[in-house]
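Only one chain comes next, encoded as structure tokens, the form predicted on its own.
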Amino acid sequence: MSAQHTPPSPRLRAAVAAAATSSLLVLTACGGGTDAPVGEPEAPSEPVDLRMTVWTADEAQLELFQSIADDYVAENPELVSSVTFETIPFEDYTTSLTTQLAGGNAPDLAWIFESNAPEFVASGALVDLRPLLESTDGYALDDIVPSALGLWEDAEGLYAYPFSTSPFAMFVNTDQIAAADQTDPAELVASGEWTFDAARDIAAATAEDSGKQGLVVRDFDYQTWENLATVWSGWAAAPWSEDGTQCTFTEPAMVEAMTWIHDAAFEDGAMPGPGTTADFFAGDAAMTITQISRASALDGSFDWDVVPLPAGPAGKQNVVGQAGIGVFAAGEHPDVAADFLAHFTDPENAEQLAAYFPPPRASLLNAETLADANPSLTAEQLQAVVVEGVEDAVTKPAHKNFAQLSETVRAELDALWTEDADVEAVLTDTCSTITPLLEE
């Protein structure tokens, strides 16, 4: 039976209109997902065309997607005539996507950022995939690591498949570190002494020796503050409570973590300051925190290694970045789109996608399988940073009002990125400003 074509709620449409004028996304809650879960699709009167939005422009990735899609088209000619992958630039992705929704031009499927997962799950814009995935022969929904589903489900259903669960790790330029006569981080990992303080000291000494940069939190650039979760998680800190209703920027753990970050940049010389761009993969820095999937950017121009995130005062905390694939209720063919999603993410195709996107399936989370898809990484590296890196991991911050929160926090934290900043005072002001947004 075909699923109901439910348009985005009025509040969602109003939020998208605001996004168009203020560059903010606000998907407001209107209950759970659509009331019409998808089932096995009925053959349409004629084969349909499906469209899926993505943010990658990587030709190899798009070629793989198209190959998987072409197999589906060949196997289901009565359902589908084509599947098109539409690339939207990363920085404009969510705003462009929700503008399409509001304008009545919803894609059939879309990638969704983890930070916006609560917004989309609560908005009613996505269909419930659980009945279809549970009933699809060979899909093995129970093979997906339960923690990987947390952002994408509620008590009523499952609204996206977490196609990428990519751990953050520390890439190190071992040439620069050796030249500065610093201890190899791998040795510190082995001895249990791999901590953020040790990483800071190595980064500062190496930067002084090389004239380049020390430790770069990739894609932070004093704008994308949520990427600092890869650091503050070592202090067991978080920007807001687990239920998203209370600001915790002022908690002692967060104050201590943000003080460490501030001092690493402005006192220790371990991190580049505002306005300084340094690309680890071009040899501009000794270390970088980024997702393991970035290993493909290494070109062999220097010796490197990859190690787990360091431990903080609260111990070692794994952090993952995640992205889901959802089916829009407002799309023209949600039942067919959901059937294609089941094909695109089944065990066989998930193994192919593992070449670029660490899979959420327990059966694929082993060094042997991942080594086939990631030839630039050794089995030991994959075991330490991918297989073990998803265990008990936390994601970057997510909230049902994340778009407004993200921009507001960024503006408040601007005051933190000066040499003489009062860290605790800035974080207190941040909580005062965002508390009303958390309570909406």
Partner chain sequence: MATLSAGNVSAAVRRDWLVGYAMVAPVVLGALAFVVLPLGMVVWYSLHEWNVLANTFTFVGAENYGRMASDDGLADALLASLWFSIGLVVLNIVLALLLAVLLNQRLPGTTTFRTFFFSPVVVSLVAWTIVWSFLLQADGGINGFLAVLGVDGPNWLRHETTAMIAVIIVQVFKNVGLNMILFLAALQGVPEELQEAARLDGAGAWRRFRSITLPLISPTILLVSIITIVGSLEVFAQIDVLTGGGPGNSTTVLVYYLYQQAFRFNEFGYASAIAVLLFVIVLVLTLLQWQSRKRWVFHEV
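Residue numbers count along the first chain shown, from 1. If you're wondering where the values come from, they're calculated on a predicted model, not measured in any experiment. What we label the rigid core is the largest C-alpha set whose atoms superpose within 1.5 Å from one form to the other.
The form predicted in complex with the partner chain exists for this protein as well; it is not shown, and the discussion that follows is about that form.
Proximity to the partner chain in the model of the complex, defined as a heavy atom within 4.5 Å, holds among Gln352, Thr99, Thr369, Thr195 only for Thr99. With the partner removed from view, the residue among Asp221, Asp305, Asp143, Asp184 that has a non-hydrogen atom within 4.5 Å of the partner chain in the model of the complex turns out to be Asp221. Using a 4.5 angstroms threshold between heavy atoms, Thr136 stays clear of the partner chain in the model of the complex. Residue contact with the partner chain in the model of the complex: Glu388 places no heavy atom within 4.5 Å of it.
In the model of the complex, the partner chain sits beyond 4.5 Å of every heavy atom of Ala43. At least one heavy atom of Phe120 is located within 4.5 Å of the partner chain in the model of the complex. The candidate stretches are 154-162, 269-277, 333-341, 250-258, and the one lying within 4.5 Å of the partner chain in the model of the complex by heavy atoms is 269-277. Of all the residues from 415-432, the single one having a non-hydrogen atom no more than 4.5 Å from the partner chain in the model of the complex is Trp417. Ile88 is among the residues whose C-alpha shifts by 2 Å or more between the shown form and the other one once the rigid core is aligned.
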